[in-house]
Every structure is written in C-alpha cells, then in structure tokens.
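Just the one chain here, laid out as structure tokens, in the form predicted on its own.
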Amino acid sequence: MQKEYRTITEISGPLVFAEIDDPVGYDEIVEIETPSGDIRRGQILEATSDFVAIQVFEGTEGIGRNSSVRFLGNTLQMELTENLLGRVLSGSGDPIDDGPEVEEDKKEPIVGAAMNPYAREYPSEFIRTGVSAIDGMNTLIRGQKLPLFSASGLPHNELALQIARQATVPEEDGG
C-alpha cells in the first residue's frame, strides 16, 4: 500500500524534507505531485521516525508545502529486455532514441548487494607498466585502478594508452 503525505516542511536545492508518522525505507522511491499535477520522482536519502530527506531527480521547481509525497514502497528498478540492446536511454532509463516502445521482460533493482571486501581474494600480482616512475614509486597490482592525475593539456591519455599496450604481469611472462 502506498503512503501519501502533505507534510513538506522544507525545500533546499534538490532536497525536499517531509514529516512522516510511519517508517519508510532508505533508497525508497517517491513521487511528489505538485499542485499543478506534475509528478516528480525522487529517492529517500535519509529517514528517521519523524522525517525524511528526499533527493528529487527532476528538480524542485513548482514543489511547495501543499505538494503531496507518495512513498512507493520499493527501490529504483530498471525494466530489462533484450530489446534495450543498442538503445539510447535517459538518465532515468527511459528510451530517448525514437525507437519502438520497450516491453519489459522483467524489472530488477539497480542497487545490488554490497560486496564484502574481506571475502575477496587478496591482490598480489604485480603489473609491470614499463614506465619506471610508476613501477618504482607507485607499483600497481592486478585489479587495482590506475591513478593518473594530470592537468589540462598534458598527455595523460597517451600515457594510459602506452601503459595498456606494454603492461605485463611478470608471473605470466616468465619474468
């Protein structure tokens, strides 16, 4: 059952704060209906027993204290089907490429379970990049992200390409 409130207490940038009297879930999706009938979607960023902080996805213009907030009872979900392959989607996951209507096979939450970092295999394979400053001062291990910090106009893309071309794992190439 969807809960609906008209208890907005504050609007600050993309955030809307509302009082509640029933518990709602973190990351739960909400719909905010403005007095003019526009529907804005958002997500709960913080919830206590008395209030919620909602991040509005489409902006808060037109939302006022007399707007209604509906809690939908689920997290953000994506419609999945093979018909989405090759399509162009908006940030909300809606097709924007003038292609045919998408008929979903199923809906799945976009937020997955958190990975337990302690359960993952400890990284230990050294990567030889072929760039002595990196190999000597900032050694890389397989599975690690390569931190390339650069200022505008410097050749960081060329350096990344060079590393991708010549990097080796000594245990694999016999060295």
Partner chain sequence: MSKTTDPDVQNEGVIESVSGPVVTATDLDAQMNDVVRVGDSELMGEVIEIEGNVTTIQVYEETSGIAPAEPVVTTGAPLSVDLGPGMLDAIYDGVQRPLRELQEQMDGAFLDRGVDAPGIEMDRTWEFTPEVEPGEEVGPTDIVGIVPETQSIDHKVMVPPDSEGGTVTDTRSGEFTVQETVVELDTGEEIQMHQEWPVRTQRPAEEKETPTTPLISGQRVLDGLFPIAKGGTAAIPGPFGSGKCVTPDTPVMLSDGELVEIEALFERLAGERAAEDGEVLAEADAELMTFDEETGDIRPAPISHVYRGSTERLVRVTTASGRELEVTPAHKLFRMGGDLQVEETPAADLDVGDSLVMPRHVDVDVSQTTVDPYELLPSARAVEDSVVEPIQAAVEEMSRSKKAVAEAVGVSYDVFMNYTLGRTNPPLWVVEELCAELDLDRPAVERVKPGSNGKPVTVPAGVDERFAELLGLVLSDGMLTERTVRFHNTDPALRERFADLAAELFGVDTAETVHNTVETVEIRSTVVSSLLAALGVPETNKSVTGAVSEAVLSGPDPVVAAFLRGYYLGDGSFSGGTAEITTASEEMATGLTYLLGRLGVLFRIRHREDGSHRVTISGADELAGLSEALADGPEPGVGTHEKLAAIAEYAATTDGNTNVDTVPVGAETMVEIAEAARYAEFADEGLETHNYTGLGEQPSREAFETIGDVIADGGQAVADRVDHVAGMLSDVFFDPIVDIELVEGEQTVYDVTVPGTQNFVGGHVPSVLHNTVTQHQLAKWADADIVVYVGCGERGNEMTEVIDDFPELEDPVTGHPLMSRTCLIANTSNMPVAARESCVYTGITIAEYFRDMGYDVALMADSTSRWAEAMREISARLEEMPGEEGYPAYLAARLSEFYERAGYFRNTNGTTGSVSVIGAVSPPGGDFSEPVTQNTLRIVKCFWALDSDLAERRHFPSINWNESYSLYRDQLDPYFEENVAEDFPEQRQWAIDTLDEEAELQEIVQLVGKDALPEDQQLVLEVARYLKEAWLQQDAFDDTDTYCDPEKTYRILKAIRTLNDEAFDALDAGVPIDEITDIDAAPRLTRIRYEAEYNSYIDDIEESIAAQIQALY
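Fair warning: this is a prediction, and the values are worked out from it, not measured in the lab. Just so we're on the same page, rigid core means the largest C-alpha set that superposes within 1.5 Å between forms. Positions refer to the first chain, counted from 1.
Beyond what is shown, the protein has a form predicted in complex with its partner chain; the following relates to that form.
With a 4.5 Å cutoff on heavy atoms, Ile141 counts as touching its partner chain in the predicted complex. Mapping the unseen interface onto this chain, Thr75 counts among the residues with a heavy atom inside 4.5 Å of its partner chain in the predicted complex. The shortest heavy atom separation between Gly136 and its partner chain in the predicted complex is within 4.5 Å.
Its partner chain in the predicted complex is not approached by Glu108, whose heavy atoms all lie more than 4.5 angstroms from it. In sequence order, Val111, Ala113, Ala114, Met115, Asn116, Pro117, Tyr118, Ala119, Arg120, Glu121, Tyr122 are the residues of 108-122 having a heavy atom within 4.5 Å of its partner chain in the predicted complex; the partner itself is omitted from this view. With a cut-off of 2 Å and the rigid core superposed, Pro123 has a Cα displacement that reaches or exceeds the cut-off between the shown form and the other one. After superposition on the rigid core, the Cα atom of Leu146 is displaced by 2 Å or more between the shown form and the other one. Figure legend: C-alpha atoms of Glu108 and Ala119, shown here, are separated by at least 3 angstroms less in the predicted complex.
Note on Gly143 and Ile110: their C-alpha atoms are nearer in the predicted complex, a change of at least 3 Å from this conformation.
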